[in-house]
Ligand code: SAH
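One chain follows as structure tokens, the form predicted alone.
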């Protein structure tokens, strides 16, 4: 996983700080160990996003079966644009920034005269993703100041405040990767960094027919399968384990009782997993799975509940034409 210092070859108006130092790497290894040693084995979905994982996810967003990205972009292109065109003298913070395609739509709405009054602060687990998007954005918006942060924003988020108002963007459906309790905690942590009048734009994947949901995570080109299995390579890099991805089957299905898509990696045969960071080998029996991701789907009632519990007020919810996806405008 990335833990390098700020790149020295970045353009002048770009800085990238890295909070994932060696001590954080130790924490990440502990988190991986805990999941693999649990009775019901799991690996947190945040470990998808090394350089290869980020590239694979960009490919997923272009797939015909994967509706969330194109529907959210249609929302950004339409109703939400009226707000972004009024942005001046503020910090624009993007959590889980990934590639630059969505934030570019936001910045395109800002009159060029006011772009130099905005500081864009991408925060992501992947240093390579921030570096790539920062370079792309600096070419498209040369007067924009970019102050990136490589950090695990899903834990307690610490952001220095420079006195300017803030607009936070938490696009995609990342909040759905967390259990209801975890999602409320995460939103509460984000809310705690906001001052009165600050805004948060939150992407929410809505409930919809099961065939549409399951097709989005089982694409015909099997790119989601490659993305899912890449988490084993990330684990190998961190824990020096000997996972072999072809020994696992990609599983993704909708758990109707929990209102979520689940992704798993199921062992095709009995496996012995070794690591110098483990006290004993891990034995995976044939058919046993490692749970790699949840993606909860929301109703309007659930959106109202979780945002109220996080001390945030809903100003508006923007939808695509099918109401498959929602972009929630929240205010502190």
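Here the structure is a predicted model, which is why all the values come from computation and not from measurement. Positions refer to the first chain, counted from 1.
If you look for the form predicted together with ligand SAH, you will not find it shown, but the lines that follow are about it.
Visitor: Since only the chain is shown here, I'm wondering whether residue 46 would be in contact with ligand SAH in the predicted bound form (any heavy atom pair within 4.5 Å).
Guide: Output for residue 46 is yes: heavy atoms within 4.5 Å of ligand SAH.
Visitor: Considering only heavy atoms, tell me if residue 154 and ligand SAH come within 4.5 Å of each other in the predicted bound form.
Guide: Result yes; residue 154 sits at the interface with ligand SAH in the predicted bound form.
Visitor: Do residue 166 and ligand SAH share at least one heavy atom pair within 4.5 Å in the predicted bound form?
Guide: Outside the cut-off, so no.
Visitor: Check whether residue 125 has any heavy atom within 4.5 Å of a heavy atom of ligand SAH in the predicted bound form, and answer yes or no.
Guide: Within the cut-off, so yes.
Visitor: Just one of 166 to 174, 139 to 147, 236 to 244, 109 to 117 has residues with a heavy atom within 4.5 Å of ligand SAH in the predicted bound form, so point it out.
Guide: Single hit among the candidates: 166 to 174.
Visitor: Can you work out which of 132, 121, 102, 259 has a heavy atom no more than 4.5 Å from ligand SAH in the predicted bound form?
Guide: Exactly one residue meets the criterion: 102.
Visitor: Could you list which residues of 96 to 112 come within 4.5 Å of ligand SAH in the predicted bound form, counting heavy atoms only?
Guide: 96, 97, 98, 102 sit within 4.5 Å of the partner.
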